[in-house]
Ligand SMILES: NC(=O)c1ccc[n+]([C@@H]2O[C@H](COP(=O)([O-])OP(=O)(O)OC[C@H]3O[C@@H](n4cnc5c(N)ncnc54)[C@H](O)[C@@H]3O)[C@@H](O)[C@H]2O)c1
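As structure tokens, one chain now follows by itself in the form predicted alone.
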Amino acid sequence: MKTAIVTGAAGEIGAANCRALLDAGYQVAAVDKDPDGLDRLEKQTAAAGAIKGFVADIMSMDSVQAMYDDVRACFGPAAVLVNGAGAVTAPSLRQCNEADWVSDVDLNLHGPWRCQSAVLDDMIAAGNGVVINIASINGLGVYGYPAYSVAKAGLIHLTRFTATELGRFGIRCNAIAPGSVMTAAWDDRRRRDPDLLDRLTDWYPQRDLCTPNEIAALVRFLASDSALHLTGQVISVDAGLSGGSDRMVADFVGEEF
């Protein structure tokens, strides 16, 4: 069995990614800084295949390397890396202080680079490997959270750089750029603002939000041989938001669009 590493595994999207790769026949190293969340994930998915949680802080190279040493000892070298760990702090430039900026960039850009750096030698030696970066449409446009967005834009360019430089070693690298995803992260805001999702989805051409399972389905595809010559790409899963807004076009043209 090939080994897949999934970071941010204790979150809803990360857990969905783990399940999708288990279903595809991988043994999965689920990585997160939350040991309780990893314990829950292991219990929920134990019947699906070989999965084990590994606690690590991707903001530390020593922690990442120690995690990968443990993964190698348990499962063998990584064939797939899914960089899914991420978080946001300040929603605007005026609210963003230096600590927010440094934290967002370190977690969302440097963290994936650290994880990739840990596995690359094994992938090069094997002559193949897959890196999948969970970016965001925030890396493609302005949707708030400046430091997070700048980091995701950097992650998108890291994706292209990795695909270009390491393609000759059989390594593929792609990015998924989700829009808003329907997770429990919205629950608190929805309790305070019951109409939130109606207003939010009105900006999306499909008037809907994607789910963690849709992200995971794309992860499974990108990890498979069906995507053998798909590399250096950024695939948006955002119900059409990054393509344009029909609401905006209607205002520009001054009539129903």
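None of these values were measured; they are calculated from a predicted model. Position 1 is the first residue in the sequence shown; the rest follow in order.
Separately, the form predicted together with this ligand exists; it is not shown, and the next lines address it.
- Here is the short version: of A185, A99, C74, I124, the single residue with a heavy atom within 4.5 Å of this ligand in the model of the complex is A185.
- Contact check for A85, S136 and Y148: all three have a heavy atom within 4.5 Å of this ligand in the model of the complex.
- Residues with any non-hydrogen atom within 4.5 angstroms of this ligand in the model of the complex fall in just one of 65-73, 218-226, 32-40, 191-199: 32-40.
- Remark: K152 counts among the residues lining this ligand in the model of the complex, judged by a heavy atom distance of 4.5 Å or less.
- Heavy atoms of T89 never reach within 4.5 Å of this ligand in the model of the complex, leaving it off the interface.
- Among residues of the shown chain, G129 is not one whose heavy atoms approach this ligand to within 4.5 Å in the model of the complex.
- Taking the partner from elsewhere, V119 is found to have every heavy atom lying beyond 4.5 Å of this ligand in the model of the complex.
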